[in-house]
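Shown here is one chain on its own, the form predicted on its own, set out as structure tokens.
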Amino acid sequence: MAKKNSKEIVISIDGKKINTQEGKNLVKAAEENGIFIPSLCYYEHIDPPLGTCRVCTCTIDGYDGPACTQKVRDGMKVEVQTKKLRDTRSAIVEMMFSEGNHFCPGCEKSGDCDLQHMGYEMGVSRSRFPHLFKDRLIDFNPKRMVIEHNRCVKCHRCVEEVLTDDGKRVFSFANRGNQTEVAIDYEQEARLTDDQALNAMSICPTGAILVKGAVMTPLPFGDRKFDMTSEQKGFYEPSGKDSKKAAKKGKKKTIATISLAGCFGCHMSLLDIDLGLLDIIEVVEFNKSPLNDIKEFTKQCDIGLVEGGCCNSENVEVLQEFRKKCDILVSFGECAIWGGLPAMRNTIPLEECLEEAYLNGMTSEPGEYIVPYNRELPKILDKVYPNNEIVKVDYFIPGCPPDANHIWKVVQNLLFNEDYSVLYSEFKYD
């Protein structure tokens, strides 16, 4: 926080001269001048700042470091939007997604999640790191809270902010290194008021802290906190072109599509272009696709769109054939990119999944408690694999499902080299 009556100074951010007050936090000074520095752990009223997430990494006077821990001083030179820094910040966010089990479509905080928001702002379409799918415990023991360790990014906010009326901490860090987790004092948690418990859920940047019986009411898309507007001026702005207007006529391009271990929602979104589809089919034709029920490839295709990941041997075989028959292969939707909701079973051994489904579950056939086995049945894989771990994938379109305009903008760019700009509201994981 800047002190009252602090003197005016001049700093430089990406070559732009900025007048601000000495001692002000760098993230705040940048924000007041329309410059977005992303962060997950920065809270203006916490001083000294936490500096735990490192998402705000910038180059400050020649050295890389978290912007939130820096107070501005006269002549400070800051770089924010270099290629290296953008890649570094994206990598940090990607690692958070990969290390936790963030199944956004099934999360109560989806649309209001700061981590998800950072993914949108940075244009993260996939993680370059493999997802770990750790089987972490969910703590139901607190009186009024549920602690979801799979979603915690260890930002330290709850440790500093959630206190009882007499100032005692409810949360703390336990263990060290990659075994670190947020621990909760059950006795002190029981002393929190209802409002204090709700505040703990609110300040958590992800859905790691939930209040029993008071989880966030699901809101329709467009009414949630991070649905429509980017914090970055000029980012995800419209290109001025009608996304539903197809390219000029010429030789028709060929598209193939397939649905693997998914729900077919991405194909439904593909059709949400509505009447724009009439323009599209004038310049493209569909070969092997559930949309036209063509079962086999009849020609080499220009582009293949793959929905869903690989959960069994048949999925792998189909995907490999698609790779051979399509010049460009695109994974669209979260299931295809990293496993999505079907990958929720990745945290549990396959044997336990089969036992629960066939031996311990209910059956419509009395006494039929067996795991089915037949040579004609595809073999179930040990986990759900993203497509890029099976074959080479050229492009990725995130979303659950992706927005129809996002899909067709990418397809037209790949087929006809048409310029496009994906809007912030079109770039979503749920």
Partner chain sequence: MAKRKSGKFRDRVELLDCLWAYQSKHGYIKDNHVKQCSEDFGISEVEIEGVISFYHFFMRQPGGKFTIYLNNSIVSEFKGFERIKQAFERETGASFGSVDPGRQFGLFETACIGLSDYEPAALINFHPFINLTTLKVKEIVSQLKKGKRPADICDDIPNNIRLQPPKEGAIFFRDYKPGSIVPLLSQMKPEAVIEEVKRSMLRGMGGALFPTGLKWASCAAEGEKKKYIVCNADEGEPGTFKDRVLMTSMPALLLEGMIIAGYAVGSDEGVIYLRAEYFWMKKQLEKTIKQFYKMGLLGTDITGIKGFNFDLRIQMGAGAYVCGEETALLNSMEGKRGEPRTKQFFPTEKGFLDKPTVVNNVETFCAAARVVELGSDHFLSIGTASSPGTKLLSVSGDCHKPGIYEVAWGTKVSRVLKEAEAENPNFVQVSGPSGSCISAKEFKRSIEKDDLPCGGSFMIFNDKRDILTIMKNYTNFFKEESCGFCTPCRAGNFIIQRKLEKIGKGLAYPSDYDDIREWGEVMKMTSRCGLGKAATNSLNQALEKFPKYFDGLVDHHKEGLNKEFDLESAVQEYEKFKS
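All values derive from a computational prediction rather than experimental measurement. Positions refer to the first chain, counted from 1.
There is also a form predicted together with the partner chain; it is not shown, and the following applies to it.
- Are all three residues G51, K168 and I390 in contact with the partner chain in the model of the complex, where contact means a non-hydrogen atom within 4.5 Å? Yes, the whole trio is in contact, each within 4.5 Å by some heavy atom.
- Query: Which pick from D293, E187, D274, D223 sits with a heavy atom within 4.5 Å of the partner chain in the model of the complex?
  - Reply: The option sitting close enough to the partner is E187.
- Would you mind picking the one in I203, A91, V318, M344 that has a heavy atom within 4.5 Å of the partner chain in the model of the complex? Only one listed residue qualifies here, and that residue is A91.
- Task: Indicate whether Y385 is a 4.5 Å heavy atom neighbour of the partner chain in the model of the complex.
- Result: Yes, Y385 is a contact residue.
- State yes or no: in the model of the complex, is some non-hydrogen atom of N405 no more than 4.5 angstroms from a non-hydrogen atom of the partner chain? Heavy-atom contact with the partner chain at 4.5 Å: absent for N405.
- Flag N33 as yes or no: does it have a non-hydrogen atom within 4.5 angstroms of any non-hydrogen atom of the partner chain in the model of the complex? Looking in the model of the complex, residue contacts with the partner chain do not include N33, since no heavy atom lies within 4.5 Å.
- Message: With a cut-off of 4.5 Å between heavy atoms, is C335 one of the residues that contacts the partner chain in the model of the complex?
- Response: C335: no, not in contact with the partner chain in the model of the complex.
- Which among 346 to 354, 263 to 271, 140 to 148, 116 to 124 is in contact with the partner chain in the model of the complex, heavy atoms within 4.5 angstroms? Among the candidates, contact is made by 346 to 354.
- in the model of the complex: members of 74 to 105 within 4.5 Å of the partner chain, any heavy atom: Stretch hits, in order: K84, L85, T88, A91, I92, M95, M96, E99.
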